[in-house]
Structures are given as C-alpha cells and as structure tokens.
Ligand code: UVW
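One chain comes next, on its own, written out as structure tokens in the form predicted on its own.
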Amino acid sequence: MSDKPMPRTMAELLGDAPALNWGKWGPDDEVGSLNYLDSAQILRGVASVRSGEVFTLQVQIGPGRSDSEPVWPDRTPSVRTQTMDEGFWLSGRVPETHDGRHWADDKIEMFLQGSTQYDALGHCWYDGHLWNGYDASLSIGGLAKASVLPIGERGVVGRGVLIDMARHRGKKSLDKGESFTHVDLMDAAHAQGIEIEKRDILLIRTGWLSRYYAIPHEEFYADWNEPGLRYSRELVEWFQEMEIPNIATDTVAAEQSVDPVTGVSLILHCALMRNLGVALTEICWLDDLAEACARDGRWSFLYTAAPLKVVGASGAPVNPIVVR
C-alpha cells in the first residue's frame, strides 16, 4: 500500500503540471476554448440543421414559488416584484394619466447563476490565479478579467452534440453522485450512432433537472451530490486534445459535486474551466431536445447562445437556442 498522502486541496489533486491552455490565445484572452469556434465550426453547425426545429434550453425564471427554481444549495431563487399594473390605478395609489394610458412594470432580484446560465471563466480558481493566469485579486469587487461579459459579447455558435447518459444507462435520471467519464461519453455517442468530433459543443443529459421537478424540494437537496463527469487526468487531457469549447448540462454545476475518494469539490470547474478555458453552461432543460433526437436518431444540431452582458459578473442567465 502506498504511503503517499491523499490529495486534499485542488492544487495537490491537479498537480504541479496540470493540463493548461494559458497563453494559447495570447496574454489578454478572456474567452478561452471558445476561440475554437471559428467560422468553419459555425458553418459545421449550420450544416447540421435538417428540419428547422427550434428548442430553447432555459428553465423558467420566477414561476412564483420559493421552491420552483433549481439553484446551488447556498443560493436562493429569484424574486420578481411588480412595480406597476392595473391594481395601482384601481387602488388609487397612482393618479390617472391625462391620456388614459396604463402600463405594467416589474423588477427582479436573483443570483446571476440562479437560472440557466454561463459561468465566467474567472468564476472559480485556486492558487491565487484565474483563467489564463490572471491574478485572483482582479476578482475583488467584480471580475476585471475573465468575467462573463466577453462571452456575452462574443456569443457561442457551433455544432452541438447531445449525449443522453440517462437514456444510455436505461434510467429516467442518474442517481445522486453517479459519475461517468469521457470514455462513457464516447460509448454513449457510439450507441446513439454519432461520433464526438473535435470542437463539438457537448450537451450532456443526466435527467437530473427533470428529477428536480418530479420530487419534493427537500428530497432533491438532501445529501447534496449531483451526478456528472468525474475528474481524471485522462479526462482533462481528452478535453484538451478534442478542443472542446463548451459543455452544457442539465445539472446545477456541470459535474459530479464531490470526488468520492479525495472529498475535493467541483474539480472540473478548475481543471476544465480555470485551466483549459472550457465554458460551462448549467441548468439546461434538455428533455424535449432529447426526445426529438431519440425519435429520428439525429443527435447533432446548431447550438447558439449568448449570456447577458453583465459587466464584471461571474456568470449570467442565458437562453440557449438549438436548431435541428
């Protein structure tokens, strides 16, 4: 038995020479592996369109119940407040207008990562450095570098491929903490009759989001540990070799929450996003898209997205659009 101590920190786990893409697109880059999505990749995505079907992947914001929005456990759902409607005139709270015009207005308070959203590349880090080597002090008061703004200004367009891990394993939803690897992704793709190609945007369905809507709120959050990709050096190197620009999942945090061996949390947020610049899109509704893909056996499509252009933000809501 090895006497080598078990890694307990992100730096110990990922090692002194992790797979890195820092500097690959210059010292000022803030969008990382999204740079792979050049015009050829956009046209490759367009070439995947066959039937013209459109699917939007965002969950609803503000359905009106405190337990109606899936969020990370220490976040709270959105609160939408009506600031003007017909009731203001009926109650006499505002005077009648001279021309009889009435209107509705409202505002919302929410975590910017409290709905379907993109993480900024600077959202998560270790050892005092963000994506591309930017100093972590640049996060103070708002991300001066690697915020979600450059992603929003650039937009994301390319060939998307849906890998339905829940369907592949014969389940409505993967179980808490259930994991899979890049090899599992390729096996599932093969079973679906498609190949994951370089620079594909990967959409990964676990059924976890549909589970949220099907079971009691307390049960969903009990013993929190989402299913998802499991860290290994080989998985990270596969992502680097395949030049994957973006993964989108139907889970809150895009990966297995806690490594069962080391207890380290959200490893791929650092190994993929912080180190390789892979964009993470989370809380995507994929069930309707999966049903359509399964019906006709077409699992590739045009994927388009652009998060809100929020200056300095660590993430922002998005409504990705898929065209088949």
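From 1 onward, residues are counted along the sequence shown. Predicted model only: the values in this text are computed from it and were never measured.
A second form of this protein, the form predicted together with the named molecule, is not displayed here; the remarks below concern that form.
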Ok, L266, L289, V59, V31: which has a heavy atom sitting within 4.5 Å of the named molecule in the predicted bound form? L266
Listed residue that, although the named molecule is not shown, lies within 4.5 Å of it in the predicted bound form (heavy atoms), from S147, Q117, N246, T206: Q117
Within 4.5 Å, heavy atoms only, one stretch in 168 to 176, 154 to 162, 250 to 258, 185 to 193 touches the named molecule in the predicted bound form. Which? 250 to 258
Applying a 4.5 Å heavy atom distance criterion, does N132 contact the named molecule in the predicted bound form? no
Using the partner position in the predicted bound form, report whether R199 sits within 4.5 Å of the named molecule, counting heavy atoms only. no
Is H123 near the named molecule? Define near as a heavy atom within 4.5 Å, in the predicted bound form. yes
Classify E282 as contacting or not contacting the named molecule in the predicted bound form by the rule of any non-hydrogen atom within 4.5 angstroms, answering yes or no. yes
Would you check whether the named molecule, in the predicted bound form, lies within 4.5 angstroms of a non-hydrogen atom from each of W72, R75 and Q113? yes
